[in-house]
Ligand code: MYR
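Below sits a lone chain in structure tokens, taken as the form predicted on its own.
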Amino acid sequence: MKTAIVTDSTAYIPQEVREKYNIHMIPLTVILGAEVYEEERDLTAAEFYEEIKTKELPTTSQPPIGKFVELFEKLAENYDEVISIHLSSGISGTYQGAISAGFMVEGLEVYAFDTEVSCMVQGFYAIEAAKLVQEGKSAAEIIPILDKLKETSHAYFMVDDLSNLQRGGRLSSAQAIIGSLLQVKPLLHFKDKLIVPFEKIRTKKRAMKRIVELLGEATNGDSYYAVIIHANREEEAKEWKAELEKEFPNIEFSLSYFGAVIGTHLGEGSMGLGWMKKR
């Protein structure tokens, strides 16, 4: 069996890494004013944060099902099966789109996988799946391994301004109002596939310190991958990475970012940390 790995643009896997592991990417869409962009193809994260300084809050949409069908039909020429790995089905219809498209393409078995998170933690699943393909494993063998990795995978993020999440419908108005009145920096995470508050913390510094505590509790000296994710705060993210590498020699840290789609909902200045145990 020849197995292909597909993920969507919100994994924010660098192009050179996608090429190294032969990971195929389907982009989500960002609508900025009258312009429609395919994330990570037509619009980089840096370009996005520059654009939104002078424009209204963008809107986002999942890949059209026709794009999935087009990609799957192309893959069917060389592959027997696909594992299609996507951002949480609780915040996007992308995962469901992959399932629907799978029924429309002949000669290709499509296994859709809901990571229940997003950003580079989603990317960890795609990279691990690609490594397992290289080890000769089939989709039927890989999916249970990915499910097992979910038990060790977490992501927490601190949002600088709740208004984007509230306007985009990803957080209730009441929660946004309470947060802004108290000048709270809420610590958010994914629970049951949705973005929900984890704890309310007064300052950014304390919120980031709390995330580090959670990392220590979860990893407990074991070998993990972890990623620092930022929304146009690269220098701050690099400094945090250097600090964490000294504190946690058992963890392999990397840097990533909130790209256009996720950045639309979280807003500039957000910081996150996610991790997954090494197999």
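Residue numbers run from 1 along the displayed sequence. Since we're looking at a predicted model, the values are computed, not measured.
One more form of this protein should be noted, the form predicted in complex with ligand MYR, which is absent from this view; the next part is about it.
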- [ ] Classify as open or blocked. Procedure: superimpose site C-alphas, place ligand MYR with its pose in the predicted bound form, test each ligand atom against backbone and C-beta atoms at 2.4 Å; 3 or more hits mean blocked.
- [x] open
- [ ] Please determine, with the chain shown alone, which of 247-255, 54-62, 207-215, 233-241 has non-hydrogen atoms within 4.5 Å of ligand MYR in the predicted bound form.
- [x] 54-62
Open item on the list: With the distance limit set at 4.5 angstroms and only heavy atoms considered, check whether I91, V261 and L266 all reach ligand MYR in the predicted bound form.
Closed with: yes
Open item on the list: Test of understanding: in the predicted bound form, would L87 fall inside 4.5 Å of ligand MYR by heavy atoms?
Closed with: yes
Open item on the list: So in the predicted bound form, is ligand MYR close enough to L71 to count as touching (4.5 Å, heavy atoms)?
Closed with: no
Task: Contact test in the predicted bound form: F157 vs ligand MYR, heavy atoms, 4.5 Å - done: yes
- [ ] Please run the contact check for I195 against ligand MYR in the predicted bound form: heavy atoms, 4.5 angstroms, yes or no?
- [x] yes
Task: Interface residue in the predicted bound form among I142, V82, A130, C119, criterion: non-hydrogen atom within 4.5 angstroms of ligand MYR - done: C119
Open item on the list: Going through 10-44, which residues have a heavy atom within 4.5 Å of ligand MYR in the predicted bound form? Please give them in sequence order.
Closed with: L28
